[in-house]
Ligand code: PMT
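Listed next as structure tokens is one chain, alone, in the form predicted on its own.
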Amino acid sequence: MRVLVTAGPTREFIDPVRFISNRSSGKMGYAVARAARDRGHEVVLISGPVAARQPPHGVRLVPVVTAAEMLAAVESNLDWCDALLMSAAVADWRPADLSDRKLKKADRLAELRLEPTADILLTIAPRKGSRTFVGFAAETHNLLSEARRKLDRKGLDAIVANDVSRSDAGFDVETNQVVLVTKDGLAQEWPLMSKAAVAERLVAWVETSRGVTASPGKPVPAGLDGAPADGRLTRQMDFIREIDKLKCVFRRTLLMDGSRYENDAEHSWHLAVMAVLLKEYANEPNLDLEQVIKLVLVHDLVEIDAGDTYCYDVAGHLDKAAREQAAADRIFALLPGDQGAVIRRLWEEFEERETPEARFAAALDRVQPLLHNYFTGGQIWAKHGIGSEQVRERNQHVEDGSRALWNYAESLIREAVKQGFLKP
């Protein structure tokens, strides 16, 4: 598939020195270009001026500055592409009069007259043909209604809408929380993820809509360094590469220093260390520690596809099981059959919580975010209006794996209420 991506802001000049622009960093568009390349597609990236305008290796860069230049670049590359992902934040207006010299304060500019720039997607709509067009909508109010209006007006196949008034999504940050609105009227709300994970998921959607299969980069050659020639090592390496994406799935939990959101890979590692340290507090004295470590390392792999569902998100939990089952079908099938069955069974054991090891692993999985919420002063609890009874109800199965850890959790909850971190 040949993919055309736009990224970054445009600059519309007042004089040779000054311009009007917007806060776009280009991170989302560059992530889309990288994801499309990694999935085996040819990519051209049209980029406005960003801090580090270095394209991903193997991606052809077309640098532009103004909206008019970006329109011209899109038009000249349109016949080449199969899909256009228009993530650039193109300025809506430009100064009506461009001074050919730097304006001085003494010039006393009384007003700055603006005129609209060309709407790129609207301009090229008559040339769409069988191509897939995806737009982006950065909004601060009426997210869905504005996204649907733009999708219909521009004849798009889909639009990616995000609320840029949020501190953890939109401009200048590494994460994003978007809603994908498609031309059939469906709105898929994706969880908070890294921009790389959003890009991966978006490119996968385009592939599905066009009936295209991804063909990631070169596999490990059969027989390399004595490896078996039956493809087993290649499949294992493909899986190892795939699970690296867990580092890009962000949870709704802040690190204990409050500096940023925790990702799923960090969470799993943290639980594994906790299992080693806290095994003595398990209800079952003869617990198989190695099994517990395997369970906690595997338990969130499905969130590569399904995303992290906030534990108090009632609506999100309605389809959580279906999303995770579909993810398990795809991700564990990457492995050779025997290993895929073993890893999937570990994930199922954790979910079912029927063994002593799974109950202890699940207890750790609940206690760890309690620690994070407590030591960050309950910021996330406060953000979502969570009360102490909700926390108790959500975490009560800690006692099934460790009565000692449940007692500790109870003391944290009481102290959090006392300190004002948690509503009574």
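Note that residue numbering follows the sequence shown and begins at 1. Every value quoted in this text rests on a predicted model; they were computed, and no experiment measured them.
One more form of this protein, predicted in complex with the named molecule, exists but is not displayed; see below.
Asker: Answer yes if any heavy atom of T132 is within 4.5 Å of a heavy atom of the named molecule in the model of the complex; otherwise answer no.
Answerer: T132: no, not in contact with the named molecule in the model of the complex.
Asker: Using the partner position in the model of the complex, report whether D82 sits within 4.5 Å of the named molecule, counting heavy atoms only.
Answerer: Looking in the model of the complex, residue contacts with the named molecule do not include D82, since no heavy atom lies within 4.5 Å.
Asker: At the 4.5 Å heavy atom threshold, is H299 in contact with the named molecule in the model of the complex?
Answerer: Although the named molecule is absent here, H299 would stay clear of it in the model of the complex, with no heavy atoms inside 4.5 Å.
Asker: Even though the partner isn't displayed, in the model of the complex is P369 close enough to the named molecule, meaning a heavy atom within 4.5 Å?
Answerer: Answer no; every heavy atom of P369 is more than 4.5 Å from the named molecule in the model of the complex.
Asker: Pick from 343 to 351, 205 to 213, 159 to 167, 249 to 257: which stretch has non-hydrogen atoms within 4.5 Å of the named molecule in the model of the complex?
Answerer: Result of the contact check: 159 to 167.
Asker: Note which of A137, A196, L271, I304 lies within 4.5 Å of the named molecule in the model of the complex, where distance is taken over heavy atoms; exactly one does.
Answerer: Of the candidates A137, A196, L271, I304, A137 is the one lying within 4.5 Å of the named molecule in the model of the complex.
Asker: Report the residue, out of D92, E75, D338, D319, that has at least one non-hydrogen atom within 4.5 angstroms of the named molecule in the model of the complex.
Answerer: Here the answer is residue option D92.
Asker: Could you tell me if all three of L45, P63 and K128 have a heavy atom no more than 4.5 Å from the named molecule in the model of the complex?
Answerer: Not a single listed residue reaches the named molecule in the model of the complex, so no.
Asker: Going by the named molecule in the model of the complex, which residues of 140 to 162 come within 4.5 Å of it through any heavy atom?
Answerer: In sequence order, K150, K154, N162 come within 4.5 Å of the partner.
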